[in-house]
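A lone chain, given as structure tokens: the form predicted alone.
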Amino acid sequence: MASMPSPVTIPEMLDGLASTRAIRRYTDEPIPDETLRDILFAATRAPSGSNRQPFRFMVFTDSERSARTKAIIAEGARRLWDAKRADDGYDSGSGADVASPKARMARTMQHYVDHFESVPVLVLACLVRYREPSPFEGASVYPACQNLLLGARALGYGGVLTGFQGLVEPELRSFLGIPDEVALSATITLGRPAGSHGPVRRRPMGDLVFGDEWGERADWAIDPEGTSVMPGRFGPA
């Protein structure tokens, strides 16, 4: 078994956070079992309510059963994207300009769902409910999903979290034998990026982090030099 990666320094960790972008295009390279172990180890270290660790992960790679699972979720992925593409007008307005960010996103998403069955690894994130469903239960599964994505980034892989499983849940439950008390919380795809990692581009900190008054930027909420930011109220610091 491969040894676990050595602990990273705080600057390295922050760099990972700032460059863990959604990866939707993958090479055909499989992810080795020992690397999957390390990625999932990171996921299992996440906090959860009362430290119950109610999250569970089903991991699908290259078996016949995995291929069927990917195909089921691929159907949901294409249905969801087709509806979103139409509802959000991805082919009109700025989307009609092939060089626009909207058009680029549409191409990326179309390629993603068209090739969904061939993703190297698919992870189904689940939550074993121990009480009635509530708006707060995501706090016990989504931190683990983020840990998983950060673990993948640290090891040179990438992924993206989706909700595609929601459109095909009955068939998925039946095929995989998932009990009714288990929530299907997310679908995560993983692989070696066909492109490159970050940096991510986000709104300026000042638009998102307030001080003593709502809507007013905290004096210290200044993006680090060189940060890639989207246009915002305060703009780049």
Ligand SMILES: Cc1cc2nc3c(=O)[nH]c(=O)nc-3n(C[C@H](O)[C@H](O)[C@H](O)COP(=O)(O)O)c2cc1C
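Model, not experiment: these values are computed from the prediction. Counting begins at 1, following the sequence as shown.
Although not depicted, the form predicted together with the ligand is the subject of the following passage.
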Practice task
Consider the chain as shown here, without its partner, and state which of 160, 128, 167, 154 has a heavy atom within 4.5 Å of the ligand in the predicted bound form.
Solution key: 160
Fill in the blank from the handout: Assert contact residue (the ligand, in the predicted bound form, non-hydrogen atom within 4.5 Å, options 65, 52, 201, 45) equals 201
Handout entry: the ligand in the predicted bound form: contacted by all of 20, 109 and 112, heavy atom 4.5 Å
Key = yes
Handout entry: Touches the ligand in the predicted bound form: residue 24 (any heavy atom, 4.5 Å)
Key = yes
Exercise for the section: Using a 4.5 Å heavy atom cut-off, indicate which stretch of 175 to 183, 25 to 33, 52 to 60, 201 to 209 touches the ligand in the predicted bound form. Expected result: 201 to 209
Fill in the blank from the handout: Those residues of 38 to 72 with a non-hydrogen atom no more than 4.5 Å from the ligand in the predicted bound form are none
